[in-house]
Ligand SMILES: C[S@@+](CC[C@H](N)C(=O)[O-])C[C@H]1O[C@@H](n2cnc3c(N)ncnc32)[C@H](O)[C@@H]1O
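Read the single chain below, which is given as structure tokens and is the form predicted alone.
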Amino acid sequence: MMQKLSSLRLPWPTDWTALFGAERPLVLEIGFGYGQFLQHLARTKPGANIIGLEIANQCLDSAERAIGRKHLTNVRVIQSMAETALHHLFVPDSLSEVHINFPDPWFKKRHGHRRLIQRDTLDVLVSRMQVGATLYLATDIIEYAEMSAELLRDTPGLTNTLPADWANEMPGRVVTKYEGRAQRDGRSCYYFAYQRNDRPAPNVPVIKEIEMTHVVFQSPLNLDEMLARFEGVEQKFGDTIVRLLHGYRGRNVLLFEVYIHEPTIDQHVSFVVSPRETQQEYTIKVGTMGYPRSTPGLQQAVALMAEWVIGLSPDAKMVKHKLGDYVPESLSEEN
């Protein structure tokens, strides 16, 4: 049985040679669905380490069972958004080949930021590709093809290997389940093939974890009084959104459900407020639920929690903290 892998649990960045047990070229498929194409890559590229990214549990379970059943030892699947994996797991110049098959088009305008092919994602993708590496993209949505063609043309680090923006067929390509359905329904497919050239790539460093955060504070309020005044909090910090969703009373702690959205990662975690041995002192720390990773957004979320709970009483104050650069102005004089 393979170990379940997730970008929330793998090291940032990941040592792929150690994970696979062999140093081989890295081939990546983003959004592998039920894994037919991923298995094809594993069978036809035995000299490569094949990595598949997917977020849907059903697809992950199906692919893992097939990989185990067919004894494909050079492929691993990872539950992850593409943005999280590219920014946190892969170092620059590490990928030899990338496949993106029929990504979700996210038709609605308000969902446009969720599309995989966009400027920021292409920049980090190019930075992770080795010179000579190839990017393959397939879609059956003409609007998505036109959008992708424009973005790819404007990517200096990539060179089109086809005579036109795209091809309507790709000889020798294995047909995925979704692709076969599109063809049977009479929908045209659009195939792209770009190669990483020797122009300098965008400078997109790997985002690593920072020091885990916590806050110690004094307050005359007890846990029940704090919880009774909790109504939920939401705050934007640039591109980061923090939501303090719900509070719960434990035997000797408060547990808060917290959602954090950052451009490269979403986290659904817990914060714990617990009394210390010193009278009227409490600690805010990150719970173990949700496999929290110490990112700037997590620090901002702890800072928001501290600002809220300390603001409940004029006699409350921060005693010490590990908040890095994210100490709220309302509390900075207290530190």
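In this text, residue numbers run from 1 along the sequence as written. Only a predicted model underlies this, so the values are computations on that prediction, with no experimental measurement involved.
Note that the form predicted in complex with this ligand isn't included here; everything after this is about it.
This chain is displayed alone, yet in the predicted complex one of 239, 211, 224, 104 has a heavy atom within 4.5 Å of this ligand; that residue is 104. The partner is absent here; in the predicted complex, the one residue of 80, 219, 74, 127 having a heavy atom within 4.5 Å of this ligand is 80. Proximity to this ligand in the predicted complex holds for none of 22, 48 and 98, with the criterion being a heavy atom within 4.5 Å.
In the predicted complex, at least one heavy atom of residue 176 sits within 4.5 Å of this ligand.
Using a 4.5 angstroms threshold between heavy atoms, residue 42 stays clear of this ligand in the predicted complex.
Using a 4.5 angstroms limit between non-hydrogen atoms, residue 32 touches this ligand in the predicted complex. Contact check for residue 54: a heavy atom falls within 4.5 Å of this ligand in the predicted complex.
The stretch in contact with this ligand in the predicted complex, judged by heavy atoms within 4.5 Å, is 55-63, chosen from 290-298, 55-63, 304-312, 263-271.
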